[in-house]
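Both blocks below hold the same protein chain, though in two forms, and each is given as structure tokens: structure 1 and structure 2.
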Structure 1
Amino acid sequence: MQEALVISGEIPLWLVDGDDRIAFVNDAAVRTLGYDSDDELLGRPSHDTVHWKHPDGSPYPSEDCPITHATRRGEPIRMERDWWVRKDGSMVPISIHCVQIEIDGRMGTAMTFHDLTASVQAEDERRRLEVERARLAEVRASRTRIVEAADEQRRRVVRDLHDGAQAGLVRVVVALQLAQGHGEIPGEASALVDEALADARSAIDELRELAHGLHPAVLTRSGLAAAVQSLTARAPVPVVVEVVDERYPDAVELAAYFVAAEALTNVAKYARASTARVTTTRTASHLVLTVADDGIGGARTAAGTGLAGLVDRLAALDGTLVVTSPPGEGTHIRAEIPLAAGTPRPPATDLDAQHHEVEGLA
């Protein structure tokens, strides 16, 4: 079979005499090396014509060539990857098989080789894709780490607010209430105490709002359904909540919560809607959250930082946010969040428990 292919010229064949002169080449060999005819090759020194340099351009002396040495020893040699030089100086990757044969009464060498250009290109492409894939995975992982680090930071700020400023204000409220309980406070002082008490209470409310916006404790404690429900309490329009009451990894719950929070804030600020609806469904791989209103439409992700920030947050988790908001037809926001996003929820810690107690105090 192989012989038939060689004779019919499909496999490049290269015969070299005992002085390393090219004695015969078939058409396939001439074509593979970019020559027009065997006339350009016959009689020339084989190594110095097709094997004189390495792929990096450095010289390849015949003394270094394993084919030369095998030929001298009269041994066959097979090389799975070698590079020969074409007529125009470019390199062609080949596999090569050399055996000794008698040419004009002396031992010479017969070489058959295969052009590996296609498989080398395929291999290069495969390697390039692999590198690209690894790079993308690293970019994705680093975006996830950035989002998670920011979330952790928020959580810490919220904990500090609860344990520090809020606890301090609660003590002020208690002290002022005790002062009120201590019999008559003279006229003007009584009004000042009342005012201080009201200020301290409203500062606590503001702190709680701030903490809630940064990282809602109800989300960590009770999950997405309860957290979304808490968002609707202050909504100016009735909000139907159809959120499945189950737990997901931290990053998934937080992303879903922020989508619901931003979308409902936008409904309140811009939509002029009469009603809104928040739903979740869970597919095998994703949590899908939608927020829809029947308002004026016209929402755009590029206009502010709210929706654009959500797009970035979801992209970091390999999720997507689609905003459909034709003018006059209401707004529909759909977030798809991979359930495997982020690092898995760690078990509840003592710190969480303390955190909730402090919140309970206020």
Structure 2
Amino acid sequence: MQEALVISGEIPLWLVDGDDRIAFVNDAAVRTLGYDSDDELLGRPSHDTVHWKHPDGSPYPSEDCPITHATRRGEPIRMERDWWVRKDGSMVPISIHCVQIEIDGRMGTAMTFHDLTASVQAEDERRRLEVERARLAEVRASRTRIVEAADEQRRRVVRDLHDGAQAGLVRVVVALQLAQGHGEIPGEASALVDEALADARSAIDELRELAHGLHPAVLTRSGLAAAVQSLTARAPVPVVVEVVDERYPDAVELAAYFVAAEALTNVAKYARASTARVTTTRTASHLVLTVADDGIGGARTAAGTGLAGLVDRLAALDGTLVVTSPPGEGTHIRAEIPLAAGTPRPPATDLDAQHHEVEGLA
């Protein structure tokens, strides 16, 4: 079959005589090397015509050429990848097979070769895609590490607030309550104690709100469903919650919670809505959370907005956030979060137990 293709001119054929001069080229070889006719090639030194430089442009002396050496020794040679020089100086990747042949009473060489341009381009594209995928994976991993580090920092701040300022205020509240219980405080001093007790309780409430915004204890303690319920309890409009009471990896729960929190904050501040709805569904690979309202619409994910920050957070987990908010038709936010994102949810800590104790005392 290959001999027939060579004879028909479908496979490039190149004959070199004993002096390394081109004795014959078929039409396929002429086309592959970018020449107009075989007249431009016949009689020319083979190596100095098509093999005189490397792909990087550096010279390729004939004494370094394995084809030349094999030709001189009369040995067959097969090369899976080599580069020949076209008429215009560009390089063409080829595979080549050389065998000994008698030409004009002397031993020369017959060479058949194949243009590998398409396969080389495909290989280069595959390598480029592999590099791009590796870079993308590293970017995603880096963004995930940044998000997880920020979440851990928030948890650390919350612990510091609970263990430090809030615990100190609770001790003040307990001391003031004990003082009140003795009933021996003069009238003016009693009023000051009452005021100090009210201020301390107010400060504890403010700290709780601050800690809740940083990292809600109810999320770690009871999960996403309870955390969303706590958000809706403070919402200025009725919110229907259809969130399955199920636990997910910590990064997934946090991302879903922040989407719900930001969306409900926007409902309260901007939407002029009369109702809202928060729902979750679980697919084989994703947690899907949606928040919809019947407000005025017009929500955007422009840079600097809270929704833009959510887009970045979800992207770091290889998730997506889609906001549909035509003017006058309400807003629909859909977050898809891979269930494999982040790390497994950590167990509840002593901090959660302390939070309950503080709530009871204050």
Ligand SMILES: Nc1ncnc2c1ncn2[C@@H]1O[C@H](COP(=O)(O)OP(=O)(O)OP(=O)(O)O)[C@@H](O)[C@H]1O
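Numbering runs along the sequence of structure 1, starting at 1. The structure presented is a predicted model; accordingly, all values stated were derived computationally and were not measured. C-alpha atoms forming the largest set that superposes within 1.5 Å between two forms make up the rigid core.
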Next on the checklist: Between the two structures, is it 1 or 2 that corresponds to the form predicted together with the named molecule?
Outcome noted: 1
Checklist entry - For S274, is the C-alpha shift between structure 1 and structure 2 2 Å or more after core superposition? => result yes
Checklist entry - Relative to the superposed core, what is the Cα shift for I296 between structure 1 and structure 2, in Å? => result 2.7
